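Consider the single chain below, provided in structure tokens and representing the form predicted alone.
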Amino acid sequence: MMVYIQAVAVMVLLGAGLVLLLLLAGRFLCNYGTCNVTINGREPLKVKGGGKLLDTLYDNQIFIPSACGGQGTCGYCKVRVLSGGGPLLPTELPYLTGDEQAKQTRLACQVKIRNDIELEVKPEYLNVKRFRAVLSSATLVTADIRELHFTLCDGGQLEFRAGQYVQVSVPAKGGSVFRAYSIASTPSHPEELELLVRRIPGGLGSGYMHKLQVGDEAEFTGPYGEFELTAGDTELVCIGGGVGMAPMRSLIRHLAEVEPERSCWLFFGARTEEQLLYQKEFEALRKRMPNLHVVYALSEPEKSPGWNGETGFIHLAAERHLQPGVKRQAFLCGPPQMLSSARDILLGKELDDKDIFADEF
């Protein structure tokens, strides 16, 4: 019996010793001291080494896109690490093209700061800010899509371009994660923010956004997105479905305010008539915008017996209506397969690929 007790005591002491050694190793061997993080050639940030690059950027109010809480599963937090980032990790490879790898592109959430590091981020990310807003109203526009109106706190104003998006901070275990939502409101009202959110069963972000009550406060960062309307006689083409309506609604409402004579096409697809959005609103806009063309199409028309409009996939409607050889700029928002099909149609209509902007949701 005594031998057994002694053996247990020895094991406990050995275990305690190993724990102590690990703690000491973590403190001394993994202590990287103060490191310099140089961003776009600016004055270096002096930070404590050992942390994730993504967390360090956020701690210093540099909000690059991220939707997975830094777990390396969304592929949004891309930056160019010019030096000091260490080798490319296997976890990054699925999210980086060969060209991106050649240009030293990395996922910020997978890079540890172990020494001085130099990186390059998109210049517009340096202008992204954090905002607080209060939910002022909310309406279900379909059985699963909620329209949310926020008022920014403390006189805040979100300066954005039509077609951009924000990232809403969503409470989660161990902290928070961000979810991207396109802006449906117009730049002329920077004190407001309007979003469309589809409820996804079990979805962390959509579940949170659908539970918010009037008067509740939310936090977000933005704006994000590269789309920018060109001036002049360029025709705008918007193709999408579902909550992809949000950025297209922002774009068309913006044109109604600043260039009502501009030519514009909206192609919006849904399965059934109940899922179509803002038909009356766009009908009213057409009276102010003589060159606005609105085409709705149902992919499951047999479920909407009274429907007399177009049927089939929405990219096919665009193929039927758009004539080739017109100077255009296109905005697409929808699922990946729709984006790919619509892009092919537009390229066939002689659009340059650089004039086709797409948001995947």
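Since this is a predicted model, take the numbers as computed values, not measurements. Numbering starts at 1 and runs along the sequence shown.
The protein also exists as the form predicted together with a small molecule; that form is not presented, and the subsequent description refers to it.
Colleague: Using a 4.5 Å cut on heavy atoms, which of 258, 140, 214, 200 is close to the small molecule in the predicted complex?
Modeller: Exactly one residue meets the criterion: 200.
Colleague: Of 265, 150, 268, 165, which one comes within 4.5 Å of the small molecule in the predicted complex, counting heavy atoms only?
Modeller: If I apply the 4.5 Å criterion carefully, the residue I get is 165.
Colleague: Which of 243-251, 122-130, 276-284, 97-105 has heavy atoms within 4.5 Å of the small molecule in the predicted complex?
Modeller: Result of the contact check: 243-251.
Colleague: Determine whether any heavy atom of residue 93 comes within 4.5 Å of a heavy atom of the small molecule in the predicted complex, and answer yes or no.
Modeller: Outside the cut-off, so no.
Colleague: Even though the partner isn't displayed, in the predicted complex is residue 62 close enough to the small molecule, meaning a heavy atom within 4.5 Å?
Modeller: Outside the cut-off, so no.
Colleague: Any chance residue 180 has a heavy atom within 4.5 Å of the small molecule in the predicted complex?
Modeller: Yes.
Colleague: For residue 82, is any heavy atom within 4.5 Å of the small molecule in the predicted complex, or not?
Modeller: Output for residue 82 is no: heavy atoms all beyond 4.5 Å of the small molecule.
Colleague: Answer yes or no: in the predicted complex, does the small molecule come within 4.5 Å of a heavy atom in every one of 76, 196 and 204?
Modeller: Affirmative, all three are within 4.5 Å.
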